Ligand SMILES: NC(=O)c1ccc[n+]([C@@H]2O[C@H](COP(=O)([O-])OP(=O)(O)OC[C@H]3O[C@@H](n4cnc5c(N)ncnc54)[C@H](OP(=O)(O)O)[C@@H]3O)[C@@H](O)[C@H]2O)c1
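Shown below, as structure tokens, is a lone chain in the form predicted alone; questions about how it binds or moves come after it.
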């Protein structure tokens, strides 16, 4: 660790696009140092990029060592587990390698990275998990994703209990349909998808990535959310 104190540092996985990149920019705006952990650079000015394949647990251990060396002593750290993969699978057509990779990236890597970084996280720090509306619901054709995002809620609740009294808070943030590089092309190209959003989302639109970034930032700086599952989906029909 470096020999400074009082620093605020955000470590965000998957900052190369979408919600992760918007969150990195938001923390930068508020004066935090930001480290991105992903296979690609974030492209956000001021962010320190650490190349890693989070589905490879050896890579997780290596990047954790590098991050520990970069953190000032006593830093307030917000560790945001944003990286994830969504496989096209179902319980009657499971590919074991893809399923295991999904669980490693979406669940095991966040657990391991948290465990390895906790000794360097001072009081006031946070561990934030990015879930999904599918953390508490399910759809067909996304078996590994639904399973892993349900598991993320359990991981957060275990984190809350295991860190009880240590001054580090945790939460799961569950976005709905968000305007990202993955979703926008389908939204623009498909009248059916736009009609689906209008039907299923109370406010009838996609969530802005900047809106999700603000939710993440607020969760980082407000310990009152400790142990909470925070739904941010503009109001969705449940049936």
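Numbering follows the first chain given and starts at 1. What you are looking at is a predicted structure, and each value in this text was computed from that prediction instead of being measured.
What follows is about the form predicted in complex with this ligand, which we do not show.
For residue 155, no non-hydrogen atom is located within 4.5 Å of this ligand in the model of the complex, even though that partner is not displayed. Put simply, residue 144 is far from this ligand in the model of the complex: not one heavy atom of it is within 4.5 Å. Not displayed here, this ligand is kept clear of residue 30 by more than 4.5 Å at the level of heavy atoms in the model of the complex. Residue 131 belongs to the set of residues with a heavy atom inside 4.5 Å of this ligand in the model of the complex.
Contact annotation: of the candidates 64, 47, 54, 213, the single residue with a non-hydrogen atom within 4.5 angstroms of this ligand in the model of the complex is 54. With this ligand left out of view, the stretch that reaches within 4.5 Å of it through heavy atoms in the model of the complex is, among 75-83, 116-124, 90-98, 160-168, 75-83. In the model of the complex, this ligand lies within 4.5 angstroms of at least one heavy atom of each of the following residues of 151-176: 175, 176, in sequence order.
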